[in-house]
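In the block that follows, a single chain appears as structure tokens, in the form predicted alone.
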């Protein structure tokens, strides 16, 4: 049996999410869904499939206690749809409680080590990335945004945490990597645990929404939180995992490294529509065969787009699925229908993002001033 592989910097292969959960000790999300007053689209549709210690976050919500939602963006370019999934989860969990604060890290050190992008270039990209998440609904009044390279705390604690790991431990989690990536992983642990520092309110539950491929970082953060609990009081962070978007070429994961098989939120709507029309599907070899035995929506990247982003009503997503499997919906008409929705949604998002560019700059500056004041 082929093993599932999780690589935050390379190729991730997930054939079966039940098997993935079993292999890596990820808890299934479904038993906790009744605890949500109003589950998000991702939770309702099974896009968010697993978690670690999510119960701590739900307890904080139920008891009106403070908690943090922490994740980030590697500023290598404009948001693509996989990035949007994490942002959507951050916005949702911020909305579940007035006591939720979002910490949004601009992972410019990781972008430099993994992608060779200069800190200056990352700084420019970051403004648009923050405008994207504001356009998706982030409340800036309960958000702290910072660049790794400018936040002294994460650099300091990254070095402190280096004492708690060995080369063999990092190789077991990540495989053989350049030292710079190991160091950026330790800085990312510091990102995850920073909301628990005394000047930021002390130990509290922290939720990290990520794609399944980022679980190695979560495991390392939880291990180090436990190892340094007696010294700093850290609580192991919680996490929630979304499934990986299928590439339009039919590959297992959509990636912004492959521009022909994905599109960004900043792409020209007509270009994105063309990519949808050229996309791989779960259709049969002939129209006759599809009408007879139906298509395979579960294998279809086009249906993935409907399910995860562009079918805004659950009933619509179900209708697309049922018509595909029932042999009623043909792939050409399905892609054409989606292309029209994609064009409208991208155009609407672009207008919202442009209206938030100044707000993004102000939020980054305000957060820098706030974090700086705490260091004095």
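Residue numbers count along the first chain shown, from 1. Keep in mind that what you see is a predicted model, and the values were worked out from it rather than measured.
Although not depicted, the form predicted in complex with a further copy of the same chain is the subject of the following passage.
Please pick out the stretch from 174-182, 233-241, 131-139, 213-221 that is in contact with a further copy of the same chain in the predicted bound form, where contact means heavy atoms within 4.5 Å.
Careful reading of the contacts points to 174-182.
Identify, from the list 159, 293, 287, 278, the residue with a heavy atom within 4.5 Å of a further copy of the same chain in the predicted bound form.
Exactly one listed residue reaches within 4.5 Å, namely 159.
Which listed residue (187, 297, 272, 144) meets the criterion of a heavy atom within 4.5 Å of a further copy of the same chain in the predicted bound form?
Only one listed residue qualifies here, and that residue is 187.
Decide whether residue 249 counts as a contact residue for a further copy of the same chain in the predicted bound form under a heavy atom distance cut-off of 4.5 Å.
Answer no; every heavy atom of residue 249 is more than 4.5 Å from a further copy of the same chain in the predicted bound form.
Indicate whether a further copy of the same chain has at least one heavy atom within 4.5 Å of a heavy atom of residue 149 in the predicted bound form.
Contact check for residue 149: yes, within 4.5 Å of a further copy of the same chain in the predicted bound form.
Look up in the predicted bound form whether residue 109 has a non-hydrogen atom within 4.5 angstroms of a further copy of the same chain, and give yes or no.
Residue 109: yes, in contact with a further copy of the same chain in the predicted bound form.
Give a yes or no for residue 71: in the predicted bound form, does one of its heavy atoms lie within 4.5 Å of a heavy atom belonging to a further copy of the same chain?
No, residue 71 is distant from the partner.
Relative to a further copy of the same chain in the predicted bound form, which residues of 87-107 have a heavy atom no more than 4.5 Å away?
Contacting residues: none.
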